[in-house]
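So this first bit is one chain, no partners, the form predicted on its own, shown in structure tokens.
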């Protein structure tokens, strides 16, 4: 089971500078925040869908398709029935719920696109190039790397408990949750031990030495980065203008 979303593919999106990809992520998020009309959000979502195809990230979309559907459906239902009054559907609530559902799925798709085309090391490199402290980039990359480690540890503990005769699928919900206590405790203890050993290893390697940091990754911006950056700025500017002119705001509906 793959625990990362990165797709190793030689696409133009993968070859973009990490800072450019981070800027594209921010541009799409800001643009989606600027408007409320569903018809103005659909082109933005369509562009992200096309980029998903170009980046060969559709397998990640299929892996998370249930999340996409649940976010869209429940957002639409909740705003439709609770926009102005409780359990009374309104057309204004439906429009606002539709726009919010499209926006949230757009945020989710944008994040998946970013993680599908950007390695963890590139994220830390981009943050460092933007002037953020190296500790922030290291903490972020460490969080991404520890998720598979904890997941593997939990699977090992589950298999060990099953070999000892513990049945996780028997009984009601409360009984099943109680059976996971023998899994949670070893995983947490192992996490604390691993964190302690990692802290000592970092200190031995001079993590807090105060000296200038270096990085193995060296990325160069090219013509594709200029084009992508121009399109990102143009997209944000267009949606900011729509917001300032009041075109992207939903009119009041009963």
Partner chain sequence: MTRATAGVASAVTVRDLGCTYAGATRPALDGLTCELPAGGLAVVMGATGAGKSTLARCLTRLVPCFLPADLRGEIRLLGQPIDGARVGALAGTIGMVFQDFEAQLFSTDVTQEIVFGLEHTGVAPDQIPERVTRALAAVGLAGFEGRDPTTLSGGEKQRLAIAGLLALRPPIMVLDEPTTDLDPTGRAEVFDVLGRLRAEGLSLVLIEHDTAAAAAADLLVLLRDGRIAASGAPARLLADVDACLAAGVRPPDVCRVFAMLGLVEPPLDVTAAAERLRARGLVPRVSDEPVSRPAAGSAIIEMRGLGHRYPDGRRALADVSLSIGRGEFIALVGPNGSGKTTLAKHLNGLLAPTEGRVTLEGRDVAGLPLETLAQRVGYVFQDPDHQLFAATVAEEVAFGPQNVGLPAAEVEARVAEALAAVELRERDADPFLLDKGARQRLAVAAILALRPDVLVLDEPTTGLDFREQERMLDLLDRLHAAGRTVIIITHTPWVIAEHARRVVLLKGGRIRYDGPLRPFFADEGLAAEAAFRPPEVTRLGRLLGCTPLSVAELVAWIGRGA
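Rigid core (definition): largest C-alpha set, two forms, superposition within 1.5 Å. Residue numbers count along the first chain shown, from 1. Bear in mind that the values here come from a model prediction, so they are computed numbers and not experimental data.
Heads up, the form predicted together with its partner chain isn't pictured, but that's what we're talking about next.
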item	value
Check all three, 138, 144 and 204, heavy atom within 4.5 Å of its partner chain in the model of the complex	yes
Contact flag, residue 103 vs its partner chain in the model of the complex, heavy atom cut 4.5 Å	no
Heavy atom of residue 43 within 4.5 Å of its partner chain in the model of the complex	no
is_contact(residue 29, its partner chain) in the model of the complex, heavy atom dist at most 4.5 Å	no
4.5 Å heavy atom contact, residue 84 to its partner chain in the model of the complex	no
Segment that reaches its partner chain in the model of the complex - one of 72 to 80, 106 to 114, 89 to 97, 144 to 152, heavy atoms within 4.5 Å	144 to 152
Those residues of 44 to 68 which, in the model of the complex, come within 4.5 Å of its partner chain by heavy atom	none
Core-superposed comparison between the shown form and the other one, residue 127 Cα displacement 2 Å or beyond	no
Yes/no, residue 168 Cα shift of 2 Å or more between the shown form and the other one with rigid core fixed	yes
Residue 190 C-alpha moves between the shown form and the other one by 2 Å or more, core aligned	no
